[in-house]
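Below you'll find only one chain, the form predicted on its own, shown as structure tokens.
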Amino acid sequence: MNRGLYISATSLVANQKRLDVLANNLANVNTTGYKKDISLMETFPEKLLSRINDKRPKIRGIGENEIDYEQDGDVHRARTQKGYFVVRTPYGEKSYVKEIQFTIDDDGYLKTYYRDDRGEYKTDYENYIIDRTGNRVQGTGNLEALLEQIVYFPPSHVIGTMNAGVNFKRIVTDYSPGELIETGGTFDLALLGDGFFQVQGEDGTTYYTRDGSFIVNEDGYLSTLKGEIVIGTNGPIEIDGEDVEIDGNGVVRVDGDEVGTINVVNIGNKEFLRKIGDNLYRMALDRNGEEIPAEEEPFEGQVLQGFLEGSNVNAISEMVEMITLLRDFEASQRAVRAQDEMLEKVSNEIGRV
């Protein structure tokens, strides 16, 4: 079957998901405290291509071990001219690449990485660099010498690499602040700085939110519009009075008496926060189905009473990106159509000859 048809189809599928993310961002351009999502794409693993009728490629540990290597802080970069570095994806597939960028994880393994919103290097669910026998590589000291030893030189009938298209990898959330909107509401709160309000659902689950449009529920407690109870440093905050004042530290005073302090925390591992709807976040589950603990840190910002934080979605830039995406989508459609027409000619016209 025509491989190009499948590759073009992967682009259509990935772009459709990107389009869904963009549409969701635009739908929430006026949602209080909403943080926009960003799509991350990746190619499928690079596979070796061999000449037809040649033997299947086998690992050959010979060749000139010449690589270009450099280190910049915790980041290592290496490139080989004649061989390949081999990485193993989280799904166990091998990918052959000419250039790698990696860091060393807490267990000493060489892994690809990404950077979180604080600029720290993270290696969870990233690729391992493996040696010629398929073992994950650990190393310290002279890494250049170590990398030279693991370069894979394919047999002569291997003519290069090819991937099977693009894949939609994941959605990440942009936690940059939105515009502050002054409302004058007594229970409208905004956070100046990194942090989240903690709220609690009926089942006792703790959620996080930047949406500070709170109310006093029928039981007299401070809650969200959907009914989740706002958590204070000493439990729920009861409002029984007329004159309510909330200062920059989240201290709540009713008729001059202090009744509680709103618990605002910063999350150190925000990459594991997941949107669950209604402007709420919850920590993700690990591979064992257990909730990943939140690394809660003290809030160093300020609570603003009478303000709400708007969405951080820029409608114009999102529209520009959507137009570009639609053009990419149309190009992939044309590629699929061209290959379909080619297959039609092969099956119909050549048969007549």
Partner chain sequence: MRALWTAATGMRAQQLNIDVIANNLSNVNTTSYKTSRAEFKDLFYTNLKRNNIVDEEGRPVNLEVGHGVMPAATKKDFRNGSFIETNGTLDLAIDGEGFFMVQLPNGDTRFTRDGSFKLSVEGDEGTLVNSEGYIVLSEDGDEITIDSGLMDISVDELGYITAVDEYGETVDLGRIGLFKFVNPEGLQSEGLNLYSVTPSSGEEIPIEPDEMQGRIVQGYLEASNVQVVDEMVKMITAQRAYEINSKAIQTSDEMLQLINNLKR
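Residue numbers count along the first chain shown, from 1. Superpose the two forms; the largest set of C-alphas matching within 1.5 Å is the rigid core. Worth saying up front: this structure is predicted, and the values here are computed from it rather than measured.
Below, we turn to the form predicted in complex with its partner chain, even though it does not appear here.
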Review point. Quick one: of Val87, Val264, Ile150, Ile239, which gets a non-hydrogen atom within 4.5 angstroms of its partner chain in the predicted bound form?
Key: Ile239
Exercise for review: Answer yes if any heavy atom of Thr173 is within 4.5 Å of a heavy atom of its partner chain in the predicted bound form; otherwise answer no.
Suggested key: yes
Exercise for review: Would you please decide whether Asn167 lies within 4.5 angstroms of its partner chain in the predicted bound form, comparing each non-hydrogen atom pair?
Suggested key: yes
Practice item. Indicate whether its partner chain has at least one heavy atom within 4.5 Å of a heavy atom of Tyr128 in the predicted bound form. Key: yes
Practice item. Using the partner position in the predicted bound form, report whether Gly184 sits within 4.5 Å of its partner chain, counting heavy atoms only. Key: yes
Check your understanding: 282-290, 297-305, 66-74, 45-53: which one contacts its partner chain in the predicted bound form at 4.5 Å, heavy atom to heavy atom?
Key -> 282-290
Check your understanding: Mind listing which residues of 19-37 have a heavy atom within 4.5 Å of its partner chain in the predicted bound form?
Key -> Leu19, Asp20, Val21, Ala23, Asn24, Leu26, Ala27, Asn28, Val29, Asn30, Thr31, Thr32, Tyr34, Asp37
Check your understanding: Superposing on the rigid core, is the CA of Leu110 displaced by 2 Å or more between the shown form and the other one?
Key -> yes
Practice item. Would you say whether Val137 is displaced between the shown form and the other one, judging by a C-alpha shift of 2 Å or more on the superposed rigid core? Key: yes
